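Quick heads-up: it's one chain on its own, the form predicted alone, in structure tokens.
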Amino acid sequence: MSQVVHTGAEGFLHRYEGLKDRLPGARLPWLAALRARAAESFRAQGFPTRRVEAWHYTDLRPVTQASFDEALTAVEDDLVLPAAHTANRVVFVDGRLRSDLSSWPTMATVASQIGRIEGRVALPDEPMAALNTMLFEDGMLLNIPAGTDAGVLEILSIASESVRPTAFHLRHIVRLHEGARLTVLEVNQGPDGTRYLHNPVWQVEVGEGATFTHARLQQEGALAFQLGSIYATVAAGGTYDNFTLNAGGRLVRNEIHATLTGTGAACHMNGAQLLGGGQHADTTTFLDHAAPGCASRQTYKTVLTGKSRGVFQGKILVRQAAQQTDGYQMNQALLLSPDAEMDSKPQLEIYADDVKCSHGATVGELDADQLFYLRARGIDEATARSMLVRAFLQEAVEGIADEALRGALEAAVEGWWERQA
């Protein structure tokens, strides 16, 4: 008798039914009820298709046609971790905390979240967030007290080698109280020969006058899928700085929802996508200006080689109450192959009349005049092209103030370009 293989939404719902009594917090009534609501939401929506406007440029059939198993709980004594970028690092392997490999920070309340998150887990409308709520097992709870500078924390998520496709769903909850500060470097990595799905969700609350810097380095394995979501709210005078470098994975989507809820709040969302072969990377942002006197900046750059495809969708909503809004959005793409493709869809939706908002997009090849200028000074073509590409990308990371974070991202950019040469 052959075993039935469940794929797509049915596969994850079948997995939930088999695991729901064994998932962390299964005996907590509020968490069991939350997971059940998430399962109903995911059952009603399923995986989004290209008929859904927000997913028009990204086809999830490679994900929905695959069958994923639960990652095995195993302690690998010979697990080799990448070098740490900060003094404090929390490590997750296949979506589960490894305390033995982690160094805990001292200036923040940090704990594995199961059992301590009652009232803090939201259930957003999006299907990937519902899938995460249904099946998440672990994640970080970062609760930074008022006026505390919690320094820099690295959160490393790695996938182990497996002969079976696996899936894991980390849930991170971050709350900064009034005047608090925190910098997080999120690193996601995995082996090239393993197929897996990483579906992380971040919930971020930035309090009045607080600052959260969130740098993300995505270096998933060559066969991996990552469908990550961030939901952030920023109170009066607070700042949320996000930088994402997509440099791995077969199919990746980086989705950010940020809402500026208080006067003088600010949000900066910047990043770079480095794509080669047949990679597909989608950055989709939704920035909601819900209060007056707020500022936002978005700058995303994409370099494409081979038959890769990049997507940028960015929407800025300015509500009627959000007078004196200052919003800027720019997307630039550099095509290094005739087979590469870039889709760009910037949007402004404005209901206030005292605003300063602009957006733009450029897609093109290396500048022939600049190449000629460098060649005329004795620089060979390969070196000249390399210099121009690196200059294009350098602008994307130079705005990161923390030297350790900037160095880690610059090294990732350098390593990617060397592999393309």
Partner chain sequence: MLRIQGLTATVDGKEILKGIDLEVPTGEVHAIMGPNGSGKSTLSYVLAGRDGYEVTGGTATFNGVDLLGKQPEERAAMGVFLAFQYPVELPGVGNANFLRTALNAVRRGRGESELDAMQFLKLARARMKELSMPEDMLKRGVNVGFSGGEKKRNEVLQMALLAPKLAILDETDSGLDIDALKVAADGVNALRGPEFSALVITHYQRLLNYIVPDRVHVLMAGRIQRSGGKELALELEASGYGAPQAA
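Residue numbers count along the first chain shown, from 1. These numbers were taken from a predicted model, which means no experiment stands behind them.
If you look for the form predicted in complex with its partner chain, you will not find it shown, but the lines that follow are about it.
Which of R375, R37, H56, H359 has a heavy atom within 4.5 Å of its partner chain in the predicted complex? If I apply the 4.5 Å criterion carefully, the residue I get is R375.
So which of A44, V52, A33, A391 gets a non-hydrogen atom within 4.5 Å of its partner chain in the predicted complex? That would be A391.
Does at least one non-hydrogen atom of A66 fall within 4.5 angstroms of its partner chain in the predicted complex? A66 lies outside the contact set for its partner chain.
So in the predicted complex, does any heavy atom of V363 sit within 4.5 Å of its partner chain? Result no; V363 lies far from its partner chain in the predicted complex.
Is there a heavy atom of V355 lying 4.5 Å or less from a heavy atom of its partner chain in the predicted complex? Result no; V355 lies far from its partner chain in the predicted complex.
Within a 4.5 Å heavy atom cut-off, is M387 in contact with its partner chain in the predicted complex? Flag for M387 set to yes.
So if I measure heavy atom distances to its partner chain in the predicted complex, which of the stretches 57-65, 377-385, 44-52, 23-31 falls within 4.5 Å? Stretch with heavy atoms near the partner: 377-385.
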